[in-house]
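Starting off, we have a lone chain in the form predicted alone, written out as structure tokens.
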């Protein structure tokens, strides 16, 4: 019983770390314009809409965060093998991984924007300087929290996988949670605020993203400020629930019988599938397809 109580405590702490990591990851992605919505940012100059949005996507979020978290966890693991304190080792590993993320962001922004030179899109040096440091700060939080929860899983819960492999697995899961949960909010609700709600993005509006903020031209800080309130929180809750529920079923049921943990996992998937389907059907029946508002009779 004490072992289960201890495991539940570690599970709760890991879930809290995952919640923070998911929120920071989605905010970093939205400020850097990485993921699915980035295609419209990349397309905008080609359609004649120049902008001041930081455009750094080269890979999707899952492989990118898989790389950074694996690198941070691998370096931390190496430092701990050199008898470094665990906290110091994790911090140093995450700092080095964040520097790699900064190099990645810089080269991606400059390279992508340079490829759009024939369309008149300039490289804004002030955007490069200010946005890179902000994305690095958020990336450090996401990487640090993910590597820390991997360390807890490895040492406190006795997971057999080495720390770098755990970092790779949970880094991919972190990027997938942010990409699936937060990016639609950034792409549809922020980039296309000039379109009717529920209308989608018509072909004629491709690349015509919102480029002006409340005061002056919009930049990626505006996007991060907007999406962190809901998109970041939703991504954090999503990744936090993934980590918590995965560890919870393992801690509680695997000690009794490993098959019980597998069966509970399958049941949880089925329950969430039914809930998702119900919400989708309810939303379609309640709101229906988008239609233009009818004009009032004279």
Partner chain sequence: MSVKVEVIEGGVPHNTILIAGVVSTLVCIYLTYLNVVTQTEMFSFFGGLAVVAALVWGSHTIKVLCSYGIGTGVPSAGMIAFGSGVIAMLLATRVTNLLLAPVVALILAAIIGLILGWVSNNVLNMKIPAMVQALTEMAVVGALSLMGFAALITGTFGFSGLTTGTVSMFGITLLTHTNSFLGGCLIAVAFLLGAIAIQHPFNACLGPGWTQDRMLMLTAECAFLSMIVAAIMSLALISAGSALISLVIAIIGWAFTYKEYMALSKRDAHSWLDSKPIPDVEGH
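Quick caveat: nothing in here was measured; it's all calculated off a predicted structure. Numbering follows the first chain given and starts at 1.
The following text describes the form predicted in complex with the partner chain, which does not appear among the structures shown.
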Touches the partner chain in the predicted bound form: residue 126 (any heavy atom, 4.5 Å): yes
Exercise: residue 103 in contact with the partner chain in the predicted bound form, heavy atom 4.5 Å: yes
Partner contact for residue 41 in the predicted bound form: the partner chain, 4.5 angstroms, heavy atom: no
Partner contact for residue 226 in the predicted bound form: the partner chain, 4.5 angstroms, heavy atom: no
Heavy atom distance at most 4.5 Å to the partner chain in the predicted bound form, all of 78, 81 and 168: yes
Heavy atom within 4.5 Å of the partner chain in the predicted bound form - residue from 155, 85, 107, 193: 107
Residues of 202 to 219 having any heavy atom within 4.5 Å of the partner chain in the predicted bound form, listed in sequence order: 211, 212, 217
